[in-house]
Structure formats: structure tokens, C-alpha cells
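Given next, in C-alpha cells, is a single chain: the form predicted on its own.
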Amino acid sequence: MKKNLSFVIALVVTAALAAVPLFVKKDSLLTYLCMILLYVSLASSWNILGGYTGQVNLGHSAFFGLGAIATRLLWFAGWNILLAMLVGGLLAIAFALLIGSPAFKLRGAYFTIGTLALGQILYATVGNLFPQISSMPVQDLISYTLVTRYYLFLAVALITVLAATLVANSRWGLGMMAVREQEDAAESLGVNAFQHKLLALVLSAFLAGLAGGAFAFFQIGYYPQYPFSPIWTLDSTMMAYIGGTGTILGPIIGAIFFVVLKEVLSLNLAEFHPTVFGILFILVVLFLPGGFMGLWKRIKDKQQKKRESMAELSHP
């Protein structure tokens, strides 16, 4: 019953999002919604590795950037945008497979530092190889429409959330969560920790690559190294933690909260918004380790215990 209700709610929300361009005509609002969908994709894709397996990846922007640069180059060369995005996602997978084996030899903070270093290497390399701004050709600029970009972002977000949901409810997902809780104990029970972490890394990379492709199709002009910036990783990590890592809804809620708060701060306290988010992240880690989803679970558990206590008192 609960699964059926969740399915119906998901269909209604999807239908409502698909109908948005029919009623929203302001470009500024459509752009705002595109950013929310982009961040949902990034946070949810990061969560597959960081939340499900507990491997805090600070090089997520590398996959996002690879998807963006491959898509941009192929699209400008005359490729269909969807095919170019697919190649961008596959390039992200290739990089994930390349770094997977050496990266997973590291554990804990060493893995986190290692992925951050890899991301920074790509950031610097792309900046040196492609120092000029990447501007959209005139013919593409003339035919530019936000509605097309909105639907592309929506498709990528839906694919990402669906993939995260399928993994979480699969045997592989249970194995990933077992690795997260205690890797050595999981291996003693027959779970191949390396295979589960590598699968999470590959899927996370592919989905981030697709998001990068959608970003490349959306932006009129930007420096090619920009999608490789660590800010994309830090934002993705923060959104997942604020909403609740290891959950399906957590990154979605975190992304919406992040974009809305960022917009409010940009209008009133633009110069202080990095400080505000930094303080917020510290407070969440210290006092709300499960994020909003963890808080909601604790409230539900407390209500359930209260109902059980009331039932015991009424039927001694």
C-alpha cells in the first residue's frame, strides 16, 4: 500500500513538473527551476557513492566536468545533443574505472583527500588546455529555447532519482549499505566491498556526466574549466548532508532548500552566503547528522512510541 502511494505521488509530481512550461512563461523562473533540477541530479548522483557506500567523494566535479566538456565539443561539432551527452557520461565512466582501483585502496579521510586531489588535477589541466571561453555558435544561439533545456534537465533528474531508487531497493544496494556500516564485517559475510564501491562509483560518475552534458547544453558561454571547479562537489556534498545522506528524498530536499536559500541570500546578503552555508553545514554535521530526513524519522519514531505508550495505558 505504501509503495503504491509513493508511486502515485511520484507520477503526480512528474506530471506537474512536465506541465510547468505550459503555465510558466517567465524565463527567470524557468532558469531557476533548471538550476534546482540540476542540483537534484548532482546531489542524488553524489549520494549513490557518498551516501550508500559511505565513500565521501570530493572529486565529483571531475565527472560533471568531463560530461560537460565532451558534450560541448561534440555538440559544437554537429552531434545530436543526446548522443553527445551519452558519450560524456561514458567518458565519466571511463575515468571512474581508471581511478577506481587505486582510489579504493585508500580508506576514510585518505580516500576523500585522494579524490579531491584528482578533481583538482583535472581542474588545472583543463584550464591550461582550454584557456579560452566556450561560446555558443550563432546558429545555436538563434534557436536557443529555455523550454528545451528545462525538459532536458527534468529528464536527467528523473533518470538520476529513478536509478538511485532502484539501486537502494536492490541486492546491490543492500550490499553497498552493508559496506557503509562496516566494510570488514560485510566482507566476512560474503559481500565484495570493492565491487560494490566500484559499481556505486561508476553509476555516480555516469549520472554526474549526464548532468554535466545538460549543463553544457544550457550555458551560452563559460570557461571549460568551470564545471571542474570544486564548488560543484562541495555544493553536492552539502545538499546531500542537509537533506540526509543514504536516502532517496534527502538529496532532493537538500537541493531545493539549498537553491532557495542561495537565491534569498543572493538578493539580500550576497557577500555573506558562502559563510552562511559553511556555518549551516557545520551545524548540520554536529547537531543534525541525519539531515532533514533524519529529523523527520526521529519525529515519527517519537510519535510512534507515544502512540504505543498510550495504547498500553488504555489496555493494561
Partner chain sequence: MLLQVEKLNKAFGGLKAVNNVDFSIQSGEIVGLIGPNGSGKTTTLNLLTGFLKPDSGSIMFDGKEIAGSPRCSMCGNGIARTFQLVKPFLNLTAVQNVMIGRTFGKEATMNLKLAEEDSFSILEKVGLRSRAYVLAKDMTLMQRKRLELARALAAKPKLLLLDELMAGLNHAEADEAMETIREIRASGITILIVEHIVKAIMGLSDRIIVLNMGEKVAEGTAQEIMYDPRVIDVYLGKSHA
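Values in this document were obtained by computation on a predicted structure and should not be read as measured data. Residue numbers count along the first chain shown, from 1.
FYI, the form predicted together with the partner chain isn't displayed, but the following is about it.
Contact annotation: of the candidates G78, G108, G190, P137, the single residue with a non-hydrogen atom within 4.5 angstroms of the partner chain in the predicted bound form is G190.
This chain lacks the partner; the member of L152, L116, L203, M177 within 4.5 angstroms of the partner chain in the predicted bound form by a non-hydrogen atom is M177. With a 4.5 Å cutoff on heavy atoms, N169 counts as touching the partner chain in the predicted bound form. In the predicted bound form, L74 stays away from the partner chain, with no heavy atom inside 4.5 Å. By the criterion of a heavy atom within 4.5 Å, A186 is counted among the residues contacting the partner chain in the predicted bound form.
At the 4.5 Å threshold, heavy atoms of T165 stay clear of the partner chain in the predicted bound form, well away from it. Look at 97 to 105, 216 to 224, 127 to 135, 191 to 199: in the predicted bound form, residues with non-hydrogen atoms within 4.5 angstroms of the partner chain sit in 191 to 199.
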